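This document opens with one chain alone, in structure tokens, the form predicted alone.
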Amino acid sequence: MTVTELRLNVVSDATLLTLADTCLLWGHRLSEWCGHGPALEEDIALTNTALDVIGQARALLQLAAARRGDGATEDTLAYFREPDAFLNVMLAALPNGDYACTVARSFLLSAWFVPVWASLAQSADRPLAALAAEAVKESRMQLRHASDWVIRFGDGSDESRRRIDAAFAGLLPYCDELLGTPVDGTDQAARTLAWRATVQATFDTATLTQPISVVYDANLLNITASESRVTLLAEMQSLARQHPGAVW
């Protein structure tokens, strides 16, 4: 394969950053549960999921930095970009809420990532394909864990049902933006169908009746998500910005 052909097969910087930023911010939100899970086993499970998606973010940022050159590194991309330069899906940056809300978000995001990674694992962009082939395995485990909890909440007590209903009512409006996010090398229509089938199957098992398509005020949701991202990044980036260039 010639250099020109290799360049034609490389996905865009925007796609790498969309995936990386989504994983990074979602992973940071999950890490906030460390030591605060509802049970020891779930505390460990959430921490492992956070490590998985932050690991995916690191690999993507390393790839993006190498292709950018000019001294870019995973750390400069993570810690020294301003909030409006981040390309994450809105759902990833929202505050955690209660455990039902965290479970619901993990379910919605992992149901999206599974077909995304599966498609990218077949990409002609070889470094990204290798990364995606490992990431899809992790996403499938995350989806199975989150689905089990959605079913447990939905088919449990009146209180657990109330909480998961409230969680999805707050999060589903962000899913049109999630599904409409462009990802090079994937078929948007096919992955949307896969996401909807996964969500509907789990809702049916959990006896949930939330509509998957929700009419929403896009401007209001974007403002809320943007404010959440600013707050999250102010905390996440604070140490690196206080000590730029530090080596640990």
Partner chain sequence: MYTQALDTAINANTTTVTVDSFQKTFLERIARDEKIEPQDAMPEAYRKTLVRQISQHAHSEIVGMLPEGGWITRAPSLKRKEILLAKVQDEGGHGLYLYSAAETLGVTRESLVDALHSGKAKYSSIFNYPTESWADIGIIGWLVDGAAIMNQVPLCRCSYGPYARAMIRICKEESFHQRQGFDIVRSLCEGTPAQKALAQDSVNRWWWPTLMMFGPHDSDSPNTEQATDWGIKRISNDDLRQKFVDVTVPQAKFLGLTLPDTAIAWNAERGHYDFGKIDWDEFWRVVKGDGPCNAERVADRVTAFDDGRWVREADAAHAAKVALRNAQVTATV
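Positions refer to the first chain, counted from 1. None of the values given here were measured: they were computed from a predicted structure.
One more form of this protein should be noted, the form predicted in complex with the partner chain, which is absent from this view; the next part is about it.
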property: Stretch in contact in the model of the complex with the partner chain, which is absent here, among 118 to 126, 85 to 93, 168 to 176, 99 to 107 (heavy atoms within 4.5 Å); result: 99 to 107
property: 4.5 angstroms heavy atom contact with the partner chain in the model of the complex for Gly35; result: yes
property: The partner chain contact in the model of the complex: Ala39, any heavy atom under 4.5 Å; result: yes
property: Distance check, Ala50 to the partner chain in the model of the complex, heavy atom within 4.5 Å; result: yes
property: Proximity of Val136 to the partner chain in the model of the complex, heavy atoms at 4.5 Å; result: no
property: Contacting member of Ser31, Asn222, Gln200, Thr192, with respect to the partner chain in the model of the complex [4.5 Å, heavy atom]; result: Ser31
property: Interface residue in the model of the complex among Ser226, Ser238, Asn9, Ser12, criterion: non-hydrogen atom within 4.5 angstroms of the partner chain; result: Ser238
property: Heavy atom contacts to the partner chain in the model of the complex at 4.5 Å, residues of 67 to 86 in sequence order; result: Glu74, Asp75, Ala78, Tyr79
